[in-house]
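Okay, here we've got a single chain as structure tokens, the form predicted on its own, with questions on binding and movement later.
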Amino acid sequence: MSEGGWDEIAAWRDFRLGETGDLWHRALIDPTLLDVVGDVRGLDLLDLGCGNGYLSRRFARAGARVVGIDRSAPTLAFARRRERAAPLGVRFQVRDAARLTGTSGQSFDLVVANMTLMDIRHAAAAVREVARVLRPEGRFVFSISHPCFDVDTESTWVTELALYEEKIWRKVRRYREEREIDVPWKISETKKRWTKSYHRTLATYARYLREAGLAIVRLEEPAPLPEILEKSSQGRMIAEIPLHLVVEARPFARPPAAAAARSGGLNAPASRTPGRSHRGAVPRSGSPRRKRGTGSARRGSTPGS
């Protein structure tokens, strides 16, 4: 298996995302991300962890000069195939986000990382590279699984029926324990594949940004659009409790070399958590009826969702 496992699901991801993104992206994550990004006309834009390039191509159609990078060569093969079929001038490159060698400093007005930063092992180094390639007035906009509410196998939905009223809760534990995770993707009714992800606290992400010389200027928690409320059983739950974050950060000062070297956190995860599963709760005698489910865009879905 390739590092991270992304090569093995490249074809499935391309089929699922297409040119507009799947249900979770187009009706939950992307609208807020695009609102924070704003007008990209005339900008030099880096799409960090671009996947099959659907968002890179959207930015190009909106007038940006786009470079899309991803570590998975099979994934980028699909991005390049789409670019050849309908050229928009996007340059797709196989690159490691934590080592943007060959890219000079202050090359981009905007760096976007859509649902990728939590999948990068050396995320602190990737953030430092983002800060290095950003121009002084540039911006870094990224979306991630919500560190507070989407905590791999340690977070779950609970619904209770009490006095004829259904209540929705989000149960979370082990939030402070940063770790490597095996994330399952259901690519068919009978097959699963796994990729690597990394749970980090919200404070860790903030520290990565601060030590790279970036300040958070905007933070949003995407709410579901009508499409996901209609088509996903989790829509009404996410309307109450967010599972994603969108963050905008800007340079405030370049940190001294010593501070950058001290950037810590989850760069070398010490443990691995097995793949996620859905568990049913057993009602206790005399207590309200409860149902549990994990619920996250990171767990994958059948193609076409």
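Don't overthink the numbering: it's just position in the shown sequence, from 1. What you see is a predicted model, and the numbers here were worked out from it, not measured in a lab.
The following text describes the form predicted together with a small molecule, which does not appear among the structures shown.
Using a 4.5 angstroms limit between non-hydrogen atoms, T156 is distant from the small molecule in the predicted complex. Contact between G51 and the small molecule in the predicted complex is found at the 4.5 Å heavy atom cutoff. Remark: L17 counts among the residues lining the small molecule in the predicted complex, judged by a heavy atom distance of 4.5 Å or less. Within this chain, D96 lines the site of the small molecule in the predicted complex, having a heavy atom no more than 4.5 Å away. For the options M115, V133, V141, A125, the one in contact with the small molecule in the predicted complex, meaning a heavy atom within 4.5 Å, is M115. For the options D152, D119, E211, E178, the residue carrying a heavy atom within 4.5 angstroms of the small molecule in the predicted complex is D119.
With the partner left out here, the small molecule still marks one of 199 to 207, 69 to 77, 167 to 175, 213 to 221 in the predicted complex; by a 4.5 Å heavy atom cut-off that stretch is 69 to 77.
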